[in-house]
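Single chain ahead, written as structure tokens, the form predicted alone.
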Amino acid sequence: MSDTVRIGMLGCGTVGQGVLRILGETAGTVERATGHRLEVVRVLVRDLQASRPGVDPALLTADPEDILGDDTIDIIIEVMGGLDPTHEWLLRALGHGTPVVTANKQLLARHGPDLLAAAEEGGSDLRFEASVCAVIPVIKVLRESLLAAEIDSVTGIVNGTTNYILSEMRRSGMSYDDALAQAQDLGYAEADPADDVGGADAAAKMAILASIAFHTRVLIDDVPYVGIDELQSDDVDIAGELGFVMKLLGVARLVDGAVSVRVHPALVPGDHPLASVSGADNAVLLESTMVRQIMLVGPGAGGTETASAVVSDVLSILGSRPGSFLAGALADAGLPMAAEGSLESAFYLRLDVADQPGVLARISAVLGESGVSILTVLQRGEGESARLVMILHRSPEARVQEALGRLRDMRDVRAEPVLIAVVGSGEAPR
């Protein structure tokens, strides 16, 4: 590259404007540190007339050919989002040898292998730190610092919206709807929060992290996910009484040589490292027999934070040997996906049952016949019905699901059972 690095940017929303601002404010520092002067020469937008304070209108274009067809552009930054035509455009850029920096988690979770292959064939580079947990450098840590650490599991609070909602429900007793409304008022949640509260956003991020951590191909379709939109305040409150904290977790681990990745609400023991991560923060806990535990914590969203990660990736392209990061990201161990139900876990089970003698014994018998044992029982009477809350010992998930199917068919059980995984080093708080 020449001393002047010409940059084309696809998109100029909150993150794109943040990138322009950071590049402008740090231009002197970057030039002194890298020997390169970064110059954004074109910015693709949909609406040339939209207000973009501080952005030079002369940079703007509505024609993608002004960037994709310009052979003098050294790096393309993609912050426009979406799958189409973004996928096609990035394949074209990478295939022509132009390095790409993207923050597009949904695109990577669906088409990451195609993009990486195009980069390899074109002799270019693809960086995507900003696609997961914004400014937290978890991808760089996995691909560089811990490349040889043989990661066993990645457990993450990777969605700030849901973490904020659950934190407020626990802290103030707020209902889910009220906590979501407050998150929207503060800008932590979108007007349409479905991807966040439903778990799809976290699933995309976990697909990316699992791919990097385990050197294998994991796409979003390989990640079953459950969000918090059906969670009840009672479960958050009862979890607190039992010494747990409710979190929406992404969990990726190796199980007998296979990869398991999923997203779901979980009860976290109060002394677990992830229990204290509150508000809109994200955290990723990396575990390995070589390095034990490493946890990265910080803001996982926000325009400025994401823009900072984008700029960091640009600087990494300038300062790294061509192809080194790509070669590591493309390493493929070919591990299979773990069979559904193969994981072992402790579980929280809540049942609304008839308040009659012998009900607990009958339910315990059903669990026992499926090979599932009970660690703790909490019972509350509510008129003609009762609420049973149980913490189940670690058991294969398939056994628990079998027992759950039989419990649903019992006349004593009056509502859909609620089953939530319990994570941590033990089955119950110390």
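A residue's number is simply how far along the shown sequence it sits, counting from 1. If you're wondering where the values come from, they're calculated on a predicted model, not measured in any experiment.
Note that the form predicted in complex with L-homoserine isn't included here; everything after this is about it.
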Just one of 219, 301, 349, 166 has a heavy atom within 4.5 angstroms of L-homoserine in the predicted bound form, so which one? 301
Partner-free chain; cross-checking L-homoserine in the predicted bound form, the single residue of 93, 158, 210, 263 with a heavy atom within 4.5 Å is 158
If you check in the predicted bound form, is residue 178 within 4.5 Å of L-homoserine, heavy atoms only? no
Wondering, does residue 189 line up within 4.5 Å of L-homoserine in the predicted bound form on heavy atoms? yes
Residue contact check: residue 313 to L-homoserine in the predicted bound form, 4.5 Å heavy atom: no
Although the partner isn't part of this model, could you tell me whether residue 205 comes within 4.5 Å of L-homoserine in the predicted bound form, counting any heavy atom of the residue? yes
L-homoserine isn't shown here, but in the predicted bound form, which of 196-204, 340-348, 137-145, 286-294 has heavy atoms within 4.5 Å of it? 196-204
Restricting to 95-127, the residues within 4.5 Å of L-homoserine in the predicted bound form through any heavy atom are 105
